[in-house]
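In structure tokens, the next block holds one chain alone, the form predicted on its own.
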């Protein structure tokens, strides 16, 4: 009886939440965000309908995963394995300081008309000219640049170097130094410059065990900054996106997106 009630409630909740779940959540979830000594973390990557619960499909990780060590060197993932609902990998963290784990994606989406038929293409920018007719009718082109990341610190936190590409979060408050009840400030940058007017959404994990999503929405100020006070300890999912006309293809627009998994600790 309890199970039946739960399924019914889940169906109702899914219907009510439909407008918010049209875009699936994409995330990396590390087994730990802070280690006292060098060692391993295991990371899950997934695309889901429910924050931090792998229930849709695995995150596609091929050559687009970059693990940056505190000294700027690259760490190769170990035991990378895609599954039906999640991708898993290990990272051996052998230095003290903060590691940046990021899945970086870039591509082009195009739509055009051939007679009464609507055509669509998606792929890397290098294949655009060979895949989309130069004289395509009613052509619409969008470049996409996305970064999905999380941070892990061994011992004491260290600075995080900006990439200067796409949309990214540059910490004012360190992302591995977050505590419930305290305010944290982050700066968002687009191609290395402060990004004003970026809309953010923050969701605490564990939504399947409560009645409300508890979603917080913020907008960056003129200096690209936002400040959030964490209501409770736990894992948080932060997503942001912005559209502009700075695409490398003439006539295209660009959508830059960013997501990060953050852990907030108790006081």
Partner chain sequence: MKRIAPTLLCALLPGLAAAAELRVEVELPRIEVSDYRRPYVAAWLERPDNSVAARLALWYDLRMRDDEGKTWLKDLRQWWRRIGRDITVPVDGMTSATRNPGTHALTFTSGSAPLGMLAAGEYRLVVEAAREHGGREVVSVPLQWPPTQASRLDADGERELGRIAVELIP
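What you see is a predicted model; the values in this text were computed from it and never measured. Residue numbers count along the first chain shown, from 1.
What comes next is about the form predicted in complex with its partner chain, which does not appear here.
Enquirer: Given its partner chain in the predicted bound form, answer whether the residues 55, 83 and 237 all have a heavy atom inside 4.5 Å of it.
Expert: Looking in the predicted bound form, the three residues 55, 83 and 237 all stay beyond 4.5 Å of its partner chain (heavy atoms).
Enquirer: Is residue 155 one of the residues lying within 4.5 Å of its partner chain in the predicted bound form, judged by heavy atom distances?
Expert: It does: once its partner chain is placed as it appears in the predicted bound form, residue 155 has a heavy atom within 4.5 Å of it.
Enquirer: Determine whether any heavy atom of residue 226 comes within 4.5 Å of a heavy atom of its partner chain in the predicted bound form, and answer yes or no.
Expert: Flag for residue 226 set to no.
Enquirer: Classify residue 179 as contacting or not contacting its partner chain in the predicted bound form by the rule of any non-hydrogen atom within 4.5 angstroms, answering yes or no.
Expert: Close contact exists here: in the predicted bound form, residue 179 approaches its partner chain to within 4.5 Å, heavy atoms only.
Enquirer: Would residue 34 count as a contact of its partner chain in the predicted bound form, using a 4.5 angstroms cut-off between non-hydrogen atoms?
Expert: Residue 34: yes, in contact with its partner chain in the predicted bound form.
Enquirer: What stretch, of 87-95, 108-116, 133-141, 156-164, brings heavy atoms to within 4.5 Å of its partner chain in the predicted bound form?
Expert: Result for this chain: 156-164.
Enquirer: Which of the residues spanning 252-267 lie within 4.5 Å of its partner chain in the predicted bound form, based on heavy atoms?
Expert: Heavy-atom contacts within 4.5 Å come from 265, 266, 267.
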